[in-house]
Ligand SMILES: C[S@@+](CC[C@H](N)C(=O)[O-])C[C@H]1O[C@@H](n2cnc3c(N)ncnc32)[C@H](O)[C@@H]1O
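Starting off, we have a lone chain in the form predicted alone, written out as structure tokens.
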């Protein structure tokens, strides 16, 4: 699987050129790529950008890599690793122009609140580290509580400015999970922040 990315070292910050050789191209990251629907759609639509997906489930990683390889995409790579660690420690500093978190595990029980990425200090500090100045964090979820947690969490951080995000603002494919939730009649909540 040529789309599969294996870090040379899991215990140090990567260099941008280790992921894609041309560090001048915008890099977009998706956390938890599911079946790769959004990831492939973006990579095909934007050949001038590079796309890097994180996913911890082996089956999903394999499936997405096969799709990338079949499509012949050279601007898309997949890493099998947990998202919080990847953002907190592995991604290169000031390298990501956009980071997408779409339909994350909502951890709905009150006792699991701390497991939500948007509540984790490691993730939030890592996000500030990896985004380029003016870089964006985009969140979509069907879970109202998760969404409200994110609004509170980012509202406390002066480093982030919330941006408008109308549905027709730019090309943005639907994920497999989003399609599933919409078909069930659930509402999707969206928010977009920029690093000042």
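Keep in mind the model is a prediction, meaning the values are calculated, not measured. Positions refer to the first chain, counted from 1.
Although not depicted, the form predicted together with the ligand is the subject of the following passage.
Novice: Taking the shortest heavy atom distance, is residue 83 within 4.5 Å of the ligand in the model of the complex?
Specialist: Although the ligand is absent here, residue 83 would touch it in the model of the complex, with heavy atoms inside 4.5 Å.
Novice: Can you check whether residue 63 is within 4.5 Å of the ligand in the model of the complex, heavy atom basis?
Specialist: Although the ligand is absent here, residue 63 would stay clear of it in the model of the complex, with no heavy atoms inside 4.5 Å.
Novice: Does the ligand get within 4.5 angstroms of any non-hydrogen atom of residue 157 in the model of the complex?
Specialist: Although the ligand is absent here, residue 157 would stay clear of it in the model of the complex, with no heavy atoms inside 4.5 Å.
Novice: Applying a 4.5 Å heavy atom distance criterion, does residue 102 contact the ligand in the model of the complex?
Specialist: Contact check for residue 102: yes, within 4.5 Å of the ligand in the model of the complex.
Novice: Spot the stretch among 30-38, 44-52, 65-73, 159-167 with residues whose non-hydrogen atoms come within 4.5 Å of the ligand in the model of the complex.
Specialist: Answer to the contact question: 30-38.
Novice: Note which of 152, 145, 132, 57 lies within 4.5 Å of the ligand in the model of the complex, where distance is taken over heavy atoms; exactly one does.
Specialist: Spelling it out, the residue with a heavy atom inside the cut-off is 57.
Novice: Give, in sequence order, every residue of 161-176 that has a heavy atom within 4.5 Å of the ligand in the model of the complex, or say none if there are no such residues.
Specialist: Those in contact are 175, 176.
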